[in-house]
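As structure tokens, one chain now follows by itself in the form predicted alone.
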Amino acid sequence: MNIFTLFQEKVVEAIQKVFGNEENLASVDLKKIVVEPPRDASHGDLATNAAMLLAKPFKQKPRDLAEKLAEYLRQDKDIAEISVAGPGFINIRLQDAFWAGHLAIILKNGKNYGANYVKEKRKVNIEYVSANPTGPMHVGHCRGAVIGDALANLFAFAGFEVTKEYYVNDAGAQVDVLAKSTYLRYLEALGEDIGAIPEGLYPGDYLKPVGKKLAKIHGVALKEMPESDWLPLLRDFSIDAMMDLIREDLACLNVRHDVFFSERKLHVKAEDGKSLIDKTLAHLEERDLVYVGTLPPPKGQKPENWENRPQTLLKASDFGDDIDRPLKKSDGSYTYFAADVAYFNDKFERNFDDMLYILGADHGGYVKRLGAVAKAIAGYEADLSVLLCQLVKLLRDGEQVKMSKRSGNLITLRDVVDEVGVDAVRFMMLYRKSDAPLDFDFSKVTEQSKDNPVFYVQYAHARAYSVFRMAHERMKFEENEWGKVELSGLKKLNDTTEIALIQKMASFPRIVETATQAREPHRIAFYLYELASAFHAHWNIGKDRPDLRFINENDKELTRARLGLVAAIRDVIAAGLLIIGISAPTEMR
């Protein structure tokens, strides 16, 4: 249950009761009424802008309206105090009994607290990573992989139907380059001296096992074929080998996609002789969204592929793009953009309501054009969002890491995971907003201190279990016995620090909702660190104040209530860690 949504509904009800006779009430969009935490926690537990939203249509002072609303809301049994502040903010403080009751709700829901809040279960497609299948995953792919995966988990937790998708770029010129590079490694495996890898081919050692496998399967047969025969064979073989390698790399990061969509599928001719790109363009032509024309050269230096000749163009500028975009070159061949258009159309025909793309920061120019594609094809029937991920700078003791022990010139994803562990990598990749640069220091992420957020959060979860073990040793509490505590027992939790912990947990559903709406999974990581900090701080208070310790051998009912508090903290942390894809240890040494 989202308490902010609950009290938003109560405020709207109060408005309808108090101002039901106002003739302009119907013109007020009550969905814009906001109930949120006040900027200063000393002002109360909740704050609303309701009076200021009503002032203009009612032609009254917001403070006067606020006083009338406050007077009505004071009748609510859950409200302890209401005050009007500033230009007309209404600040609300809730009864301690409300927080005890809400703790009971958290305990009842367990790790599902805050989950499945959506009423309309939209189908969501999240496409992320989508690296060219030409080699192992490098650290540049890591951040997008984690953000996309955590975002998919977040949407699933919220109650959406989610598909995790990887777009395999297997139709471009880079695939021929890969095949030719593999052929050299095949010759090497046969014992030939291939010398230095020619400029323009892939020199990585990761192709050596692929070459050896080819030699084992085909012997010298490929060597005796003309290039026109072995090139298509090696194209498929190399792509399959690289995708196996990429899947293994992603798995070590706990990233697993539901769909691997081949770009070649867009180009393949069906029985009617038309490809998916052909059909998509025909559909756009029927709607008069395609024309033949020329484009002015871009400002500054002309790109190599710019053509001052008639091309087939999409009317992208009609849908918010800066210019119209080429779909066919003057020679009749399709552009990469044509494949992007057909790919989005394929997603739309698969009945996705929301399509999210996780792209590198160097793809900023794609945001408007993809948005235009979505509007041209789907109108208002589907939404498209693009998240850009800034670069990650790897550091060791503050010094930038430039080389990799494995490849000599590439820092692979697996290098990073092998050194610090998957949990540290995933958490730290989410510990900044995706469009902000991120420094990843190998030394910092392995520290066992408050300065290392992943350790601090996991330690909080493990610390909860240490409390349960102590309760069993000292007072013979059985596992999960604290989950049976009655509401009357929970009302014993009336210290301000205990109430503050419940309040922090009560904000979790709102964090889930706002993180989902804003497409910002890093908010979950931030929240977990704040909750862990509050829990550790309360633990430390107990060192000086025995009356606040979780275990009181002279009061079993109070101990059971406090164990319930700890169990709720454990479950909320576990739910958050599940969203961001990190383990929740029960013991740490």
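As the structure is a prediction and not an experimental result, all values here were calculated from the model. So that the term is clear: the rigid core is the largest set of C-alpha atoms that superpose within 1.5 Å between two forms. So that there is no doubt, residue numbering starts at 1 and follows the sequence shown.
This protein has a second form, the form predicted together with the RNA, left out of what is shown; the following refers to that one.
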Should the three residues A361, W539 and I551 be counted as contacting the RNA in the predicted bound form, with contact defined as a heavy atom within 4.5 Å for each?
yes
Which one of G219, G191, G365, G273 is close to the RNA in the predicted bound form, taking close to mean a heavy atom within 4.5 Å?
G365
Just one of K61, K68, R523, K556 has a heavy atom within 4.5 Å of the RNA in the predicted bound form. Which one?
R523
Tell me, yes or no, whether Q517 is in contact with the RNA in the predicted bound form, where a contact means a heavy atom of each within 4.5 Å.
yes
Residue contact check: R74 to the RNA in the predicted bound form, 4.5 Å heavy atom
no
I'd like to check something about T335: if you look in the predicted bound form, is any of its heavy atoms closer than or equal to 4.5 Å to a heavy atom of the RNA?
yes
Residue contact check: A47 to the RNA in the predicted bound form, 4.5 Å heavy atom
yes
In the predicted bound form, which of the stretches 365-373, 146-154, 348-356, 232-240 has residues with heavy atoms within 4.5 Å of the RNA?
365-373
Between 46-65 and the RNA in the predicted bound form, list the residues on our side with a heavy atom within 4.5 Å.
A47, N49, M52, L53, K56
Core-superposed C-alpha of G542 shifting 2 Å or more between the shown form and the other one:
no
Establish whether a shift of 2 Å or more occurs at the C-alpha of R247 between the shown form and the other one, with the two forms superposed on the rigid core.
no
Core aligned, does the CA of R523 move at least 2 Å between the shown form and the other one?
no
